[in-house]
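Subsequent text provides C-alpha cells for two forms of one protein chain, presented individually as structure 1 and structure 2.
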Structure 1
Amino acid sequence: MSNNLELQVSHKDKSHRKIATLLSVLFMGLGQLYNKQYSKGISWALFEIIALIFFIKPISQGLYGLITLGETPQVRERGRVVDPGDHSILLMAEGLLMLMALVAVLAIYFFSIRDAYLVGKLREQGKRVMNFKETVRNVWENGYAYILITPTAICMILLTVFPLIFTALIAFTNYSSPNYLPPRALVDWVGIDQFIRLFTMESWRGTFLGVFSWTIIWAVLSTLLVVFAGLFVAVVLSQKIVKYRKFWRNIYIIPWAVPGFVSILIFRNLYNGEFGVFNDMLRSVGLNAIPWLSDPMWAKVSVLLTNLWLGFPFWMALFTAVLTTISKELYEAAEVDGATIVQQFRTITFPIVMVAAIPLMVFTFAFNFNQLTFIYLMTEGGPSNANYTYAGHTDILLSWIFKMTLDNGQYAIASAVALVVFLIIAGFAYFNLRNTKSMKGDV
C-alpha cells in the first residue's frame, strides 16, 4: 500500500525537471521559482531583465558593426568634418567586446537552465534541496579554485586573448595606410588577401622569408651561444686550482645585474663606427676599423656578441648549481678507468647538466624569438636592406611587425605576419610541453 503511494507521488513529480528546464528556457529564473527557490529565482530573473533592457541594443549594434565594419564614410567639406561617419576599427573592437559579452550572457543563461534542471531532478528523487545560504557557501567552498583564478583570467582574456583575436580579425581586412585608414575611409573584410600578398608577392615574400630565416638563426644561435658559454665558464670555475671562486663568480654575474636596456644602449655606443671605443682601440693598434653596426654581417655578429655578454651569467649560475650536485665519486671512478678530462666531460658532466638545461633552453629560445626590445634598442633593425619591405638586416619577425604597425601603418599585413608568428610559437610550445611532467602528472 505504502509502496503504491510512493510510486504515485514519484509519477506525479516526474515532470519537475522538464517543467523547470522549460520555464528557465522561457525566462531566466522561472525554473528556480517553480522549484521554490525564490531568492535565487529572483536574482536570475533580475539579471535577465537588466540584460534585456541594457544590453540588447549595444549587442545587436556591436554585432552589426562587426559584420559591416561601418557603412558611412566620413564626409568632409573644405577640410571640416560634416558627418563623422563610422570608424571601422572602433566598430570592430566594440563588436568583438559585445560578442564576448554575448557569449558570457549565454553561458550564464545556460547555467541557469542547467541549475533548474538539476534541482528539478533532485526534487523528483525526493532529495533535499539546498537553500540560498547553503548554495552561496557551497559555491565558495567548491568553486574556490575558480575564484582564485578569476582575476588572472579576466586580465588575460581582456589584454591577451582579446588582442590576439582582434589581431587575427585585422589580418582579414584591408586596414592600412594610406587608403584604408578610418575615420577618413572605411575598412573592409577582404578574406585571405593579405596572406596571399604575403606569400605570393615577390617583395613581401622575399622580406618574409629573409626576416623569418634570420629570426630562426638568431633564436638558435643566441640560445646555444649563451648556454655553452655559461657551461664553459662554470666548468672553468669548478676546476680545483681556482681560488676565490665566489669573487670570480660575482664579477661574472655583473652583466646580468646591470639593467638590460642600459647595457644594450652602452653597447650601441661601444660599437659606434666613427666614435666607438672598439674602433678606437683597433685603430690605435694599427688595424682597420670594423663597420660594426653598418655592415649587415657585422651587425648580426654584434647583436649576437652583445646577447652573449648579457646572457651567459644566468647559465653560468645555473650550471654552477648543477655541477655541485654531481657526485665526486663518478669522476674518481672515471679517473681510475683512465678517462681523460675531455672524456669525463662528455660522458659524465654534459649529459647531467643538459637534463637540467633543456626545459629552460626551450623557454630561452621562445623568448629570443620575440626579443623585440633587444633588437630595437641595439640596431633598430638596421642596417637597412634595399630588397626588404619595411625591414632591415637585423630585423626579426616581431620588430618587423612593430615597424610596419607603428611607423608605416601597414596594420593588416602586420597582423597577418603576427598571426603566422603566433601559430609558429603556439605549435612550438604545444609540441614541446605536451608531454612534460606537469601536463601529464595529476591533471
Structure 2
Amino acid sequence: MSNNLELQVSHKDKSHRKIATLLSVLFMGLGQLYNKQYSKGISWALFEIIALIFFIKPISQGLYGLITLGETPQVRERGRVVDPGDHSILLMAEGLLMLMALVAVLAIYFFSIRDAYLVGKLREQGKRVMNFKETVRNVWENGYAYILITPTAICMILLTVFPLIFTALIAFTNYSSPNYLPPRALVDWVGIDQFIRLFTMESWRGTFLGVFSWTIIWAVLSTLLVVFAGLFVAVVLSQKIVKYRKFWRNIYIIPWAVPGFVSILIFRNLYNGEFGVFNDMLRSVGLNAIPWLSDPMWAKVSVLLTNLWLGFPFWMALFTAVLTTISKELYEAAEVDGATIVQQFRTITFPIVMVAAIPLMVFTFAFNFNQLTFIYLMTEGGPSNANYTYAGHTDILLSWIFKMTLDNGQYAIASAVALVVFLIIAGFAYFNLRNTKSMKGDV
C-alpha cells in the first residue's frame, strides 16, 4: 500500500513539466501559476491579454492586406478622385511589419512555454524554484548583454532586414509603369514572372548579361588596380634610397582627402572631348584627341583610371602601416642568404601584406560592385547603347536599377535584379571570408 502511494506521488511529480507546458500552451502564464510563480504568471497573462486586445486586429488586417495587396481600386470621375481605393505598396509594407510583429509575439509565446517547462522540470527534480525577485535578478545578471543589444538588434531588423525583405517581395509582383502603379491601380502577386522575363525575354536578358559582364569586369579591375597600385607605391616609398618619403606620402594622400564627388566632377570636365584639358594637352603635342566619354571603350578606361586615382591612396596608407610591422630581421636574414629584392618581396613582403589585405579586398570588391554614385556622376551610364533597355555602355547593375526605378518606373523587374545582385554579393563575400586565413582565428 505504501509503495503504491509512493508510485502515485512519484508519477504525479514527474508530470509537472507536462502539465505546466500544456497550461502555457492554452494561455500564457497558466503554467507559471501552476508552478506557483504567481507574479511571473500574472505578467505573462497580462502580456497575452494586451496582445489579444491591441494587436490581434491590426495583425490580422495587415496579413490580409499583405496577401491580397488590396481589393478596391481607385475610382475617378471627371479627373477627380472619388474613392482613393487601396494602396497596394502601403498594404505590403504594413503587412510585412505586422508579420514581423506576429513573429515577435510568437517568439515571446514560445519562451513562456519553455519557461514553464523548465520550471516544471526543476520541481520534478526536487530543486528549489526561484521567486519573482530572484528571477528578475537572475535575468539581469546572466542576460544583461542580451538586454543591452536588444534595442540595437531591433533597429537593425527595422532598418536593414525590413528593407531587404520588402525589396525581395516587390520582385514577386507586377509593380511597374504604366499599368500597375498605385494608387491609380492595384498591384498583384505574380510569382517568379519577373525572373522569367529577366532571363527569357531577349531585350531584358541581353541587357542583364551585358551590364552584368561589365559590372564584374569593373569590380575586379577597379579593385585589383587600386590594391596593387597602392602596394607598389608603398613598397617603393619604404626603400631607403627614396628621399623625402614623408613628403611623397603626403602628396599621394591628397586625392583621398578631397571629397570624392568633387574629384569625379573635375575629372568629368577634364575628359571633355572638346574642351577638356587632356585633349588640349594631346593636341598641343600633335596627337589626335581621344573620345574619352563618348566612345564605349574609352569611357570604360576613363572610369577605371579615375577610380584608380581616387582609390589607391587608401591602400598605400594601409600597406605602409603593414610594412612597418614586418621584422627587419627577416630581410637581413634574406640578404645574408643572397636573396634579391624581388625574391624578398615575393617570399616575405607579399604573403604578409596580403593576409591583412584580402578581407578588405573582398569588401572593396563588394563596394565597387555597387558603386552607383561614382558611375552616375562620372558618365551617367553613357555612352548610350541602342541594344540595351534603360542602360548605357558604362552602366553597372546598380546604376541600371536606379534608372529603371526612378526614371522608368520598372520597380518589379528592378527588384528582381537587386535580389540577384544581393545573392551574388552575399555568396561571394561569405565564400571568400570563410576561406580567408585572416578570418579563421575568429570564433
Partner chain sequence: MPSPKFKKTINRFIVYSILVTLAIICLFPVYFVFIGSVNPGSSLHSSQVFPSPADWNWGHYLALFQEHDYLTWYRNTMFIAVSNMLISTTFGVFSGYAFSRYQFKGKKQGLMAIIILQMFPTIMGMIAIYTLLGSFGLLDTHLGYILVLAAGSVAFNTWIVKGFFDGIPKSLEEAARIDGASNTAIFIKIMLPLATPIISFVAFNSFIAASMDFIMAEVILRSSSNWTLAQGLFTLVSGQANNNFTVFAAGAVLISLPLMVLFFVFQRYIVEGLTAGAEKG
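No experiment lies behind these values; they were computed from the predicted model shown. Under this definition, the rigid core comprises the largest set of C-alpha atoms superposing within 1.5 Å between the forms. Numbering for residues begins at 1 and runs along the sequence of structure 1.
Each of the two structures shows the same chain on its own, and it is structure 2 that derives from the form predicted on its own. With the core held fixed, the Cα of T207 is displaced between the two structures by less than 2 Å.
Superposition on the rigid core between the two structures places the CA atom of V353 2 Å or more away from its counterpart. Taking the rigid core as fixed, one finds a CA shift for Q344 of 2 Å or more between the two structures. Per-residue C-alpha deviation between the two structures, core superposed: L330, 5.1 Å.
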